[in-house]
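Below you will find one chain, with nothing else, as structure tokens; this is the form predicted alone, and questions on how it binds or moves follow later.
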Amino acid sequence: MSETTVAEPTVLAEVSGGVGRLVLNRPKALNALDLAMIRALTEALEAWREDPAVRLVTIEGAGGRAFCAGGDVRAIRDNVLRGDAAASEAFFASEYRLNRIIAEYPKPYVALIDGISMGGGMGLSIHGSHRVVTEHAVMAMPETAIGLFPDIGASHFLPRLPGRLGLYLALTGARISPGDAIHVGLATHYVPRSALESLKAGLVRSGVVALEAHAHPAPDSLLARDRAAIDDCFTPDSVPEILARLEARGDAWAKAQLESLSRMSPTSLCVTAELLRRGAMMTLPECLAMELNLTRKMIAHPDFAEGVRAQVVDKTRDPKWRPATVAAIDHAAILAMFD
């Protein structure tokens, strides 16, 4: 008689020593979020909100490679191809509700970011009160490469980064180093991987004051080095104007940015620039509502299914965008997506 294999939970939740501990447990998928994980995280946080046995919450990723690589865009693409708008709506609405719960959580919420944290992973960490990065942390909002836009409340937190760094990160999908994360305020503490277990024990003993005791000086920030160029070239809210400034600058850095932007969905770039322009003047709940409305339009646009195909499914890295260039974008059509 064969034994039935019981699947391990994709979210582990336990309370020990006053700490509610959440572990994203889908390491083979780099802890990418699906709807079941979002619901499990929400359920745990809601249960612990008023529980006197829980003084603080920690969240981390299993497997050593990723905190959370983002939302499961392959599954969302499958929904789109099946015409199942309700499934996509449920995913995004539940994810954004979770982002708001984290942002408004009444207890310390400590994200331990060791490895990749992109897209949805940023939503599980950036909105929390304390955000720890190790030397292995890599952050990014790479949505313009798949025909989407930086969501999970990014329209709120990115415009509030120093200077024009938020728009730069949103459009280029540039990877953020641990030093960058500390420099721009996306992370609050730098703790080497080798000290994480000691930090977790300290959080049990003494709460969030343990963070200062375990924090190390952050590595240098590459974004700090490029800050003047970023602020100069990404000053406009208009993508064509940004491209023109980069062309005029003409140095190696500017050429690298132009090369990066040339690979992104032109529609996504223009939508993202408008999104951040609006988000700079809105509250987080308003931003999340705007993003939810926008997901309905963007996942129905051909660039989303094509971008996920090229980057995630087939991994050919050769998306055929429609329209193919920023110059061919109808600005009125971009604005209509926000209606």
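Every value quoted in this text rests on a predicted model; they were computed, and no experiment measured them. When you see a residue number, it is the position in the sequence shown, counting from 1.
Heads up, the form predicted in complex with 3,5,7,3',4'-pentahydroxyflavone (QUE) isn't pictured, but that's what we're talking about next.
Interface membership of residue 152, defined by any non-hydrogen atom within 4.5 Å of 3,5,7,3',4'-pentahydroxyflavone (QUE) in the predicted bound form, is ruled out. In the predicted bound form, 3,5,7,3',4'-pentahydroxyflavone (QUE) sits within 4.5 Å of a heavy atom belonging to residue 72. Using a 4.5 angstroms limit between non-hydrogen atoms, residue 143 touches 3,5,7,3',4'-pentahydroxyflavone (QUE) in the predicted bound form.
Interface residue remark: residue 287 is not counted as part of the site for 3,5,7,3',4'-pentahydroxyflavone (QUE) in the predicted bound form, having no heavy atom within 4.5 Å. Stretch-level contact analysis of 240 to 248, 162 to 170, 144 to 152, 202 to 210 against 3,5,7,3',4'-pentahydroxyflavone (QUE) in the predicted bound form, using heavy atoms and a 4.5 Å limit, identifies 144 to 152. Think of it this way: in the predicted bound form, 3,5,7,3',4'-pentahydroxyflavone (QUE) has a heavy atom of just one of 312, 292, 282, 47 within 4.5 Å, and the residue is 312.
The single contact residue among 59, 38, 32, 275, judged by any heavy atom lying within 4.5 Å of 3,5,7,3',4'-pentahydroxyflavone (QUE) in the predicted bound form, is 32.
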